[in-house]
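Okay, so here's just one chain, in C-alpha cells, the form predicted alone.
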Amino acid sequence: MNQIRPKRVDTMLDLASYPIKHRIERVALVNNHAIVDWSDGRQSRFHALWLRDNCACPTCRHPQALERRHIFIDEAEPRLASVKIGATGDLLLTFEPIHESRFDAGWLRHHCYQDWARAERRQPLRLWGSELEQHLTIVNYADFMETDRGLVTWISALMRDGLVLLDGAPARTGEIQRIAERVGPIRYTNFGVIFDVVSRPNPNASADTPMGLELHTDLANWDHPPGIQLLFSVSNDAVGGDSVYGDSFKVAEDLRREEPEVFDRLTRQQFDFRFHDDSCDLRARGPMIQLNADGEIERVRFNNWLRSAFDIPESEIEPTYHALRRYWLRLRDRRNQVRLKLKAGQMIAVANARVMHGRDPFDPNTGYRHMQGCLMDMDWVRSRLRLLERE
C-alpha cells in the first residue's frame, strides 16, 4: 500500500514529517476522550488533557522556536466540546472554554499511546550470534561519505545490529575523524578526541598491550558511557589480533529465559567500575544489565579490566560471583561471537551499550598494528538519521 503523506506537515509545527498508511475513518466524543477509528481497523483513545497539552497552534507552541509554551497546570481540567474530521483528513477539536485545535493525522498516529501503537513504533533489534559473520552489513566508504543512501544504510545497520563495517577508506591516520564527523560530534573523554591503539612500553590501558582482551563494553567507569565506539585500521600486519564481538543483549536474553535467577541478580546488583592514572580517577556504579521501565534491556556494563572490588553485603558475594561467571561463560561461547581481522582502511562501529568487543593476542614482532579509535554519543547518530528522514 502506498503511504499517504500529510498535506500540511507544518500543522503541528514539527520539522519531521509523519507519513502514514491509514487515514482517519471516524471520530467520536466519549467520556471526554476523542475516539479515532483508523482505516486499518485500529482504534485510538485520546484524553482531552493530552490533546490540549499537545495543541500546536501558535498560541500553544512557539511558531519559531517550535517549543511548547502552553502550561496546562494554569488551567482547569479541559473539556472537549466537539470532535470532527477536517476536509484534509485532520482531527479538528473544540475545547471548553473555547479553544480550537487541529491535529495532523500522521502526527496523531505516530504519537498514539495505545499499547498496539507503541509496539508498532518500536524499532526491532536483530539479536545475533556467530551467524552474523555471514550477514554483517558492509558499507562502502565512498557511498558513506558522498551519499545519503550510504549513510542511512550505515546508521540503520548500527541501530538494528549494533555492529557495522565500513570498507575502502584511505588507510591513513586522522581519517577516522573525517568519517566520524560525517555523522556527528566526537565525544571527548580521558583518552582525548582520537586515541591510538598500539603496543606501548608503558601503557595506561590494557588495549595498548599485545595481550588478548576479553569481551567488554568501553568506559563502564563513566556514569553515562558513550553510545558508540569507532575503531579504524591504519595498519594491521601483526600475526593475531583478530577482533571479537558479542551481542550482550542476545546472551542476556538467553540468560533471562534459561537462568532467570542469574539474570535477575545481574539487573539488581550494583557493580563498581574504575579507571585511574596520573591524570584522572573516574568511577561509576550500576547494574551489569540495565532494564527500562518496560523490562527491556537498554544497557550492559561489562568490563573486567575496569571492574572494582565488590562493595556489597557479605551474603551477596558468592551469588554475585556465580551470576557473573554464568554470564561471562556464555559470552565466551564461540556460538555467541563474531570474529574478523580488520584490514587497513576498514572501520568497525560498535553500539557500546549493547555490543561487546575484544581481541585475540598479537605478536608485535611480526608486523605493525595501529588502530585509531573515537567515541560518540548515540543521541547524535539518531539525530542524524532523523534529519536524513526529513528529506
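Computed from a predicted model, the values in this text were never measured in an experiment. Numbering starts at 1 and runs along the sequence shown.
Only in words, not in the display: the form predicted together with a small molecule, which the text now covers.
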property	result
One residue of 156, 229, 267, 189 in contact with the small molecule, assessed in the predicted bound form (non-hydrogen atom, 4.5 angstroms)	229
In the predicted bound form, the one of 109, 216, 299, 250 near the small molecule [non-hydrogen atom within 4.5 angstroms]	216
4.5 Å heavy atom contact, residue 195 and the small molecule in the predicted bound form	yes
Contact of residue 354 with the small molecule in the predicted bound form (heavy atom, 4.5 Å)	no
Proximity of residue 20 to the small molecule in the predicted bound form, heavy atoms at 4.5 Å	no
Close approach of residue 371 to the small molecule in the predicted bound form, 4.5 Å, heavy atom	yes
The small molecule in the predicted bound form: contacting segment from 257 to 265, 91 to 99, 310 to 318, 206 to 214, heavy atom within 4.5 Å	206 to 214
